[in-house]
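We begin with a single chain expressed as structure tokens, specifically the form predicted alone.
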Amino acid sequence: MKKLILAALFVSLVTILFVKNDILIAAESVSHGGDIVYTKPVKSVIFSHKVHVEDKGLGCDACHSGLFKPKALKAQEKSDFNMDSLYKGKYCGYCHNGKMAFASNTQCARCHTGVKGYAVSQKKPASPASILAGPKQPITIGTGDSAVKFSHDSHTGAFGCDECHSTVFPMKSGKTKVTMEAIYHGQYCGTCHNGKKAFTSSECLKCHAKVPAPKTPLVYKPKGAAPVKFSHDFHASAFKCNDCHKKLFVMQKGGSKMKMDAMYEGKSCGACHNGNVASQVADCEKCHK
């Protein structure tokens, strides 16, 4: 009889029914993370990624966007990881509230398998197929020639999921607006691509298929002077991107405020237009037309 009860508890665990909700999105082609055995606050709860991701179609970001870190058992290291917190809507209680899924203060046996259940779970080795992995297809960031294809496979070989998610990137494609200026300041990809942990973000062609420079000239309209047209094509034939970005100009149109007095002192355009590298700043008609 005891064996039958134990078997029933395991069956009920993998038949958890969730109420549909618009914020729960279907998972992409991502391998689930296998079973996680929580031993706190009470032995023992077996969390099944398969039930939540494959059977119920939840996306990774349904939980790994503030509720849980994408690293097993990190939650139970926190002092407030207890049933009282779940009753208040934290951790599992965020969904197990009686509306989205059965309430955390009901149907206890559907999650808590007890000491015997814990012992049985320890005899079952984790399947290699249950190792968490990112999307199999590269994620395209940006459009056109300047687009970057990000491969999870090439990164997960050296880094754990929790090193990027969800502190650097939320666990949902397209939720982050990445800019080169932010990357240069150590955000997003720049967290690692700083020349120390990984190659520097100024090595454009290591990520971009083509140099992501504007094809049309940038037009500057200073007060009291004729407009200036800056051509990336013309300058890129003689200089590299990191000759100007980010030490002279931020990688964002309109992000740098230029003044003639500063140029005469060797700043912005004046760093090259000094009569040695390029024409002097004082040769006004070469730029102002």
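Heads up: residue numbers just count along the shown sequence, starting at 1. Since we're looking at a predicted model, the values are computed, not measured.
What comes next is about the form predicted in complex with a small molecule, which is not displayed.
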Is residue 108 close enough to touch the small molecule in the model of the complex, meaning at least one heavy atom pair within 4.5 Å? yes
Classify residue 40 as contacting or not contacting the small molecule in the model of the complex by the rule of any non-hydrogen atom within 4.5 angstroms, answering yes or no. yes
Would residue 215 count as touching the small molecule in the model of the complex under a 4.5 Å heavy atom rule? yes
How about residue 246: is it within 4.5 Å of the small molecule in the model of the complex, going by heavy atoms? no
